[in-house]
Structure formats: C-alpha cells, structure tokens
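In structure tokens, one chain follows: the form predicted on its own.
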C-alpha cells in the first residue's frame, strides 16, 4: 500500500457523441478523436493530465469491447489489466462502480476519481489543484465532486448548489453540496448564476472506494451485488461466465442519480469549486469556441480540408477529412463538416439539433454512416 498513488483515476470512455456526427461515430466516437487540433485525442489528453496525479499505473479505462483495440493503440503505456471492457453500456454507475470494485479488490480502500474521457480542460494547474483538494475531502469520508465555475447561464449542463464551508484540512475551498439539479431552462439558469451558489456539474467524482461501494449498497443494492460479483471474478478465468450472467441484469443509471443525489441529501457530498477552462465539447457550437482562429471572426478549421473561403460568414466552423476546398458565403456561424461519405451543413444556432439527423439516418437504415 505504501507504493500506491494518492489517486486511482477511472476514465469511463463511452458514448457516441451524436451531436458531433458525422465526425463522431459508433466506431470512432469523440473521445478517440483529436478535436482540438493538438495532435492528441481527447482520451489521450485526459490521461496526459491525470498522469501527474496518479503515476504511470494509476489510470484505469473502462470502455466498450469494440473500442478496446483503438484505446490500447492510443494509450500504449496503459497496462492491459487496467483496460476494462464492458460487454454493453450500462451508464456511468456501472462503469465507475465496476472499476472501483476491481481497484478495491486489487489495492484495498484506495481513493478513486472518475474523469470523463471526452472533456477539454484549458487550465491544467487549476485542475490538479482542485483534484488534490478533492482527494483530501475523499480521505475525510466525503463523496466529492468538482464544481466548474459557470460563466454563462447554460441550459445544457446540470448544476451543483454549494452550501457551507467544510473546513477539511488540505481542502480550503471545499463546501457542502446542498443539492444537484437537472438541466434548467434559461431563466432558471440565470437565476442560479445570480445567487453565486451554483456550479456546473462536470461529472467528476472523487471518493474512497469503500465509501462509494457502501453508498451503492445502501441506495442500489441489486446493482452493488451484481458489480461485486463481476469484480470478484474479473482477474480470474471465470470472468466471462460471470459477466454473461450478471451484466445484462445490471440497472442502467447515472452515478448522479444512483448515489450523489441521495448522499448529498444526507450531507455526505462535498464540492471543490474550480475555474479551469472546462468544456464537454458537447456540440459544434462548443467545438467552434475551442478551436483557434487566425483573426477574430475568421473561420475555425479542423482536420484535412483544402482552401477555406468564408466571405460574409463570420465565426464559421469547417471540419472534415475529404481535403476539398470549402466555400461558405453569407452564413454567419456556419458549420460545414465534410467526411467524404457525409456532408453536413448547418449553423451553430442549430448545433444541439444534430442528434435528430442521426435519428433520421438510423430510420432510413443507413447504418454504415453511424
């Protein structure tokens, strides 16, 4: 135990990223893509920034069977036993709970933290400081989340309402969580910001493995029992038989609903506020805001394109793999995505509606485009 890192990071790498279709697809979802033009995929960037907090062997990635080869190729230093394949997606509680149970079996009651594979963080120093405070809270027995400072009344995120200071040693900014709230409408989001009590919920949780599993046993006992059965067999030849028996029966539920909300109501959740340039790259409007531009109002360009011409089209986004010249005339905030087999043309105003196109493609039986 003396050689264990202060934190074992769990990276759930799943989801289809349908609002970023056709760049993000089932075979290559957004966490496997370089969406910032940095030369590193979102997954690689996530593991890169966790390295100073966990050490080389302190990261576990949970992903679907179909993505195991690509994850392994992108993370060649990740030990094979730290890549946990899910037979099928069962939402975040199953993924995080499985990893926590496996880590407890291997290492004892260690501190674990869950960090999504497909988010962008601009200020990594602020991120590390916040995680270190969260680790201190976790050691004190709290289920701890990192609350992202809200800079606008966003309606696409859940919110965390912070309460009184906790006075935890090593976590001077930690506060009690009064409540988690769902995605609000615009007026409610503006009201939240005016109080100064609310932070965005980025889905980052840091907690002792034993505490997480005890809370899961209390609030979702069937899910707890199934995950423990799988974890007991994980490093044995009987893993597949146990997975076949248990995994399809596991409840699909997010960690927020399964444990964070009820534990917060009982006073057991802490939040560490952080201003760290966080973005979940949830749609093309978010992507357009992340990419560099040569001059204000110029087009943001990602991927392999030819010449990009955007007269009368300020703040356009052009992305693709086809290498063709793209010309956009008189469409402010345009979005053009050219992948060779699909050409998407929309505006950032309609970025949240791209998912409806995925539904239309599925309804027409064009599965090869998904």
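What you see is a predicted model, and the numbers here were worked out from it, not measured in a lab. Positions refer to the first chain, counted from 1.
Separately, the form predicted in complex with another copy of the chain exists; it is not shown, and the next lines address it.
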Which among 64-72, 303-311, 31-39, 50-58 is in contact with another copy of the chain in the predicted bound form, heavy atoms within 4.5 angstroms? 303-311
Tell me whether 324, 350 and 369, taken together, all sit within 4.5 Å of another copy of the chain in the predicted bound form, counting heavy atoms only. yes
At the 4.5 Å heavy atom threshold, is residue 27 in contact with another copy of the chain in the predicted bound form? no
Please tell me whether any heavy atom belonging to residue 16 falls inside 4.5 Å of a heavy atom of another copy of the chain, as the geometry stands in the predicted bound form. no
With a 4.5 Å heavy atom cut-off, would you call residue 339 a contact of another copy of the chain in the predicted bound form? yes
In the predicted bound form, is there a heavy atom of another copy of the chain that lies within 4.5 Å of any heavy atom of residue 23, even though the partner is absent here? no
Let me know which residues along 339-362 have a heavy atom within 4.5 Å of another copy of the chain in the predicted bound form, or say none if there are none. 339, 340, 341, 342, 343, 344, 345, 346, 347, 350, 353, 354, 357, 360, 361
